[in-house]
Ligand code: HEC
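Below you will find one chain, with nothing else, as structure tokens; this is the form predicted on its own, and questions on how it binds or moves follow later.
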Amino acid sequence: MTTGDAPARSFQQRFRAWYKKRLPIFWDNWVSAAGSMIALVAVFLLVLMFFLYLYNMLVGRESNPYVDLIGFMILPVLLSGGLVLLVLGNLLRRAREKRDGRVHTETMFAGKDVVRRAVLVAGGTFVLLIGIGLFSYEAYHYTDSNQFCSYVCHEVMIPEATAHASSPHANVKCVDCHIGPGADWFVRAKLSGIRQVFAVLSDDFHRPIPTPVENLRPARETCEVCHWPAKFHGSRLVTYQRYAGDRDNSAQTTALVLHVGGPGGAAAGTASGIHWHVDPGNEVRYRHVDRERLEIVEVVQSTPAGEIRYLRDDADQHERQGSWRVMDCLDCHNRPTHIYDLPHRAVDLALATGKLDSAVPWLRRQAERVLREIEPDSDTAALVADRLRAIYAAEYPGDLAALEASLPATAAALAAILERNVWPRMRITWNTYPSHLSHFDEFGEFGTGGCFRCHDGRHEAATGAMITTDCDACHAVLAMEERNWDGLQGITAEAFLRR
């Protein structure tokens, strides 16, 4: 060996000595080595995720839900697992040293080195705890986000998320209604969520998702945080723009005065109107014999004046069957957020808002027809355009040119309606989730749901009294699909509501 090799040997020796003295816990056995590798990879990815998260925040770009899932939930668990392996590997090393009666790694445990190591370990542990705490905090909030509920663990809920995004409660978080405040319901929801995650992973879930949701937190603890049932609302004027199925798509007006009412509405100070049902002084219980709560065979009305029990005319066939429920907001407002349109309503709304051109002959009728015939696909707009073109070519050849002039916009509008309301993979089609606020079925005809579940002329008390079927108890009809209606000309809303 030449003299020139001495510095090299000296460096190698010094490096080996440093390595053996400073880093024994990271390499001594395969368990420690595996833990070190996992922890280092997790730390690297967490740092990368931090800068990615910071970049998205600075540029205002929405983060990817799957990236957030990895960053906030998987990587902290991976880091913790690596550290556990590291500790376990060193416990095994110490057990081996004790068994063999000799130290396998030359480690310095005296003097300044001990202090330096203690400071490094304490500082590193403190930083690690803060980091894991911050990521755990973010993970907690992330699991409460709409992204997590809709697109990550609950991919099957994408139809509900789509409906939610265009609803009156679009800015309300899922957890505000489905969980609400307090630790009790949070724990219940997360335990239920674990079961749902396994159901999704095993592809063992209902298509469509059944409603109503069982064991949902009472509306008085969620809805009524914002909506106050004790407020008297009086009457409200409501108008609907409809369109006839004739060649001119004739506009029609339906106008109603809704007697919303509420507590304090009557002269005697008792509740009145539609919100009589949720007055704090009244309680309505009912027994339903089906899961959907459409078949109500018994109703018990409790008020300060006493209790009245109403039985449906076939109640003896369902004696002691079914389940009891106390009526609340969701028995009428059963689709407050996840609202699905019906074809005739969706087309009327598109015409009223200008998304469909009412100048195209026969469009009202044929648009609804196409919505019923076509299912969404990779290019729904093209399917809609081809179908409309075929219908007009066969049945209205003279009006085909008028259709072609606005066909791209028409097809896009109808495709958007379809893709928002019909989900073949989840077996969701028109009227899969009916609203109890409506009297009509999917074809625009009077149905048996909604108010008619109880107000159907079939529920009678022992005294002979019936649950009212008087439509004027809830609303007064000013116009029903009338053309060129001007019934409110010269009448202010205040004057009308007083008369």
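Treat the numbers as computed from the prediction; the structure is a model and nothing was measured. All residue numbers are counted from 1 along the displayed sequence.
Not on display, but discussed next: the form predicted together with heme C (HEC).
- In the predicted bound form, heme C (HEC) lies farther than 4.5 Å from every heavy atom of residue 359.
- Shown alone here, residue 453 lies within 4.5 Å of heme C (HEC) in the predicted bound form, counting heavy atoms only.
- Contact annotation for residue 90: none of its heavy atoms lies within 4.5 Å of heme C (HEC) in the predicted bound form.
- Residue contact with heme C (HEC) in the predicted bound form: residue 328 places a heavy atom within 4.5 Å of it.
- Between heme C (HEC) and the residues 254, 380, 429, 80, the one pair within 4.5 Å by heavy atoms in the predicted bound form involves 254.
- Of the residues 376, 336, 322, 76, just one reaches heme C (HEC) in the predicted bound form with a heavy atom at 4.5 Å or closer; this is 336.
- Comparing 368-376, 409-417, 213-221, 244-252 against heme C (HEC) in the predicted bound form, the single stretch with non-hydrogen atoms within 4.5 angstroms of it is 213-221.
- Here the marked residues 40, 46 and 123 all miss heme C (HEC) in the predicted bound form; none has a heavy atom within 4.5 angstroms.
- The partner is not shown here, but in the predicted bound form the stretch 465-487 reaches within 4.5 angstroms of heme C (HEC) through a heavy atom at 466, 467, 468, 469, 470, 471, 473, 474, 475, 477, 480.
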